[in-house]
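Next up: a single chain in structure tokens, the form predicted alone.
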Amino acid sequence: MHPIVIIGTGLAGFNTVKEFRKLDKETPIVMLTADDGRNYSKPMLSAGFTKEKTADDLCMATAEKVAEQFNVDVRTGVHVAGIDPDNKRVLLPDDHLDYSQLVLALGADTWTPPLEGDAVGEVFSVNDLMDYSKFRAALEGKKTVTILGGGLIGCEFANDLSNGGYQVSLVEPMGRCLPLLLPEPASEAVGRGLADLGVTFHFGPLAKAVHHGDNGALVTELSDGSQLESDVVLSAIGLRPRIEMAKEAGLKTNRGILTDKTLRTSAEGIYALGDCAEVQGHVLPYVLPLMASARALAKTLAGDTTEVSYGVMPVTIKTPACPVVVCPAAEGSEGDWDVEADGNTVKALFRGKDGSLLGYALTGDAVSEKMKLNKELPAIMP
């Protein structure tokens, strides 16, 4: 009997195994990962400095422990060469692995802007525990950080690094914090909260280049001609679903790997979930949709075909300087923001033309209204 093969040991892969083992203790499972396979909570990567946690502190279990606890074969340092859907094989550099069912839990890649300069290779991004370990080591004994990007990850790291005692400069060309998630008054509240921690903002210009400066410093050159000097540069522009492996295997892709509501791709016996997947048009790189997907997929893999449903799934952004909870309206929704603001407390409701609530953004003390508002919202994908 060929095993279930899961490519990826992040939150998506690990939680699929965890849920599946509640239903089936014996079916063989092989997990393949290019990294060291340690189990950790990815959202904690942008809270580690506040909590004074090293990469080892954030590790919840080694690959060996995961293998023992869930009766799985975890193979680390494996770079998958491709997939052969017709023969149900995962292609490895020097071998192949036959599967009964295949789960793609590939995650997403960080997107780095096209920078010039002789220090481009020293720009960090933090997308997994190994990245975090290298980033933390680079900051030992340093004081200043330039962050490229003022979206969710950029703002979380700005808050976290400031709490850790670093002086942060943040570059965001769209002119405000969290521009794709929040209406302007809520963005301004987050900006004020972070500024009170000492974060310096550079709104408007793009980062063009990163050069070596004097005394080991890095110099980030902006499109308006200004220059920012810092010890370390972190790119936090955003994520792109990893779709290349699926695309090369002939699976249908768009922004992510296309799946139906059972998380099945266009190929028989191959499923996708998490940051790499586009489920019925939805790309949702957040924890709640991932957990719902893992529960549904576990049942399907165990023989009970189950469709995933996404209810109301608010996103909590870890900026304690100005707490934020946002539940974005569905893409393409028509309506207007109704905003009440009092200092850094902002209650912004996105209502459709008929007055129905389609989404919200809450900051400061208004985050306490989340549960009440959730009851009014439609499910993302019933």
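Sequential numbering from 1, following the sequence displayed. Here the structure is a predicted model, which is why all the values come from computation and not from measurement.
The form predicted together with a small molecule is left out here; the points below concern that form.
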Considering non-hydrogen atoms and a 4.5 Å limit, does the small molecule approach residue 363 in the model of the complex? no
Answer for residue 202 alone: is it within 4.5 Å of the small molecule in the model of the complex, judged on heavy atom distances? no
Heavy atom of residue 107 within 4.5 Å of the small molecule in the model of the complex: yes
In the model of the complex, residue 338 touching the small molecule (heavy atom, 4.5 Å): no
Using a 4.5 Å heavy atom cut-off, are 12, 43 and 285 all in contact with the small molecule in the model of the complex? yes
The small molecule isn't shown here, but in the model of the complex, which of 251-259, 211-219, 287-295, 112-120 has heavy atoms within 4.5 Å of it? 287-295
Considering the small molecule in the model of the complex, which of 78, 178, 72, 270 comes within 4.5 Å of it through any heavy atom? 78
Could you check which residue among 318, 351, 53, 65 gets a heavy atom within 4.5 Å of the small molecule in the model of the complex? 318
